[in-house]
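Below you'll find only one chain, the form predicted alone, shown as structure tokens.
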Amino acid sequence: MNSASEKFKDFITDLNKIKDYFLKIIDEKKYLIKIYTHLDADGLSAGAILGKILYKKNIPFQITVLKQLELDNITKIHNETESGDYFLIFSDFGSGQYLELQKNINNPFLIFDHHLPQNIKNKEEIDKIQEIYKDTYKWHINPYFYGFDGSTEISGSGMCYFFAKCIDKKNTDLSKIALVGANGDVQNQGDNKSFIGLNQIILDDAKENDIIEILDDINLSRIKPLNQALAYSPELNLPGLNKDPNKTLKFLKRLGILMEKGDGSIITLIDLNKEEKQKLTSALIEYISIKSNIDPSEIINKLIIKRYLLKDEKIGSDLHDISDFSNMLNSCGRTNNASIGIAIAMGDRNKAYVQAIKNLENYKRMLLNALTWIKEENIIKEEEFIQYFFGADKISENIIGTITSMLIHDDTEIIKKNKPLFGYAIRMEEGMYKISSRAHESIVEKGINLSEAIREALILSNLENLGGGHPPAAGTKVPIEKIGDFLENCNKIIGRQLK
């Protein structure tokens, strides 16, 4: 087995070959570059990175954002491009559909993706992955070809970033957008929410360019009023304080932390000095250890995180912390305003940013309303090995994946961590349900692989739709009349995986 450094060299060697092929072919023929990318934060970041490198080189391009890359999308792309001089690039998807792309797309194209390739059940199928690599490496870059994990070590925007770096070393300034994308895909999987694998190399580039600051900080929102940040923290379980900003306000007052500054503005985490942060940290450790009987060392691992701040963004803005930046991009994609997200990731801080702030507020309201409805109306249904819910007229297909993710990671009694969660929402114009599934890391470690389960369930349900993703997160679409069969087959397959 090659060492990580040797595998990385192979990765960069292949990227350089693809770069040479790309530059040669567009120099020989004046193609219009058409970029197709996903609508989440990682997809928008990937599209923005590609757009930025083409803009710098004065190469004409168009960016199209898709909910998913499905068979009907591929057919439409074929019809729109086959008679023109187009060079196509697929980012943050394409690996799971590479056979269909190879079969249906006549124009030259590239794939920069981090999901498991089509027909691959898991990353242990090394021989099969290498066969795909040998057949496609001239136009297809995927981390699994080189032994890197696409669910934790590198995102779609990260793959595009390394391509950008091969195009021109000066493109290391785009490292911050790749980290925003990685954060959006929850790839800060190391200790205290640090980056690992190829993402660490991107982080090193950002540090070397002096565009990022790394802090050990309290795991709370930096821009919400402090009592609200405490009450609505998605990751800190504070019995008796969760969801109650009045009680967290009293908790802070007892520590001598006042909610108003001298000028009357509201205190946020940013405003606390070192002494106040230490006081709050100690109080939270003591509170959680007493109320939940958890060892302080476990609490510290969740309470203290690596905070990544962008030095060229305004302090306290929604773009200063890469976590807030990724939330803003995600809100743009999920509210049908993907072009605004692309513009922001490419550097627009004027009209696009103002509109994005409004989108973010609407997006947060949508999520809150959806979560409240699910919890109050007892929407979650349960089978022996899975749990599921239907979004009805309350949850659109654009946010069904986000809601499913929030639920599986939320400390709520309505969700069981030992069963994968499947959410589905109507796609009326197609007579389909959009399916999003999520599994808690505790059962992924025991063998749950949602990408594999969804693909197998589609076959068992006699469906030809594409599907897949990663072991902890995967999706597809299913005809309305087949949803019962599909969920039943998922239940059987998950049961088999657990056993």
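So that there is no doubt, residue numbering starts at 1 and follows the sequence shown. Please read all numbers here as calculations on a predicted model, not as lab measurements.
In what follows, reference is made to the form predicted in complex with a small molecule, a form of this protein that is not presented.
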{"item": "Sole residue of Met432, Ile63, Ala473, Leu54 within 4.5 Å of the small molecule in the model of the complex, by heavy atom", "value": "Ala473"}
{"item": "Answer option from Ser317, Gln189, Gln355, Gln118, heavy atom within 4.5 Å of the small molecule in the model of the complex", "value": "Gln189"}
{"item": "Listed range touching the small molecule, judged in the model of the complex by heavy atoms within 4.5 Å, from 100-108, 178-186, 191-199, 360-368", "value": "178-186"}
{"item": "Heavy atom of Leu466 within 4.5 Å of the small molecule in the model of the complex", "value": "yes"}
{"item": "Heavy atom of Lys417 within 4.5 Å of the small molecule in the model of the complex", "value": "no"}
{"item": "The small molecule contact at Lys394 in the model of the complex, heavy atom, 4.5 Å", "value": "no"}
{"item": "4.5 angstroms heavy atom contact with the small molecule in the model of the complex for Ser405", "value": "yes"}
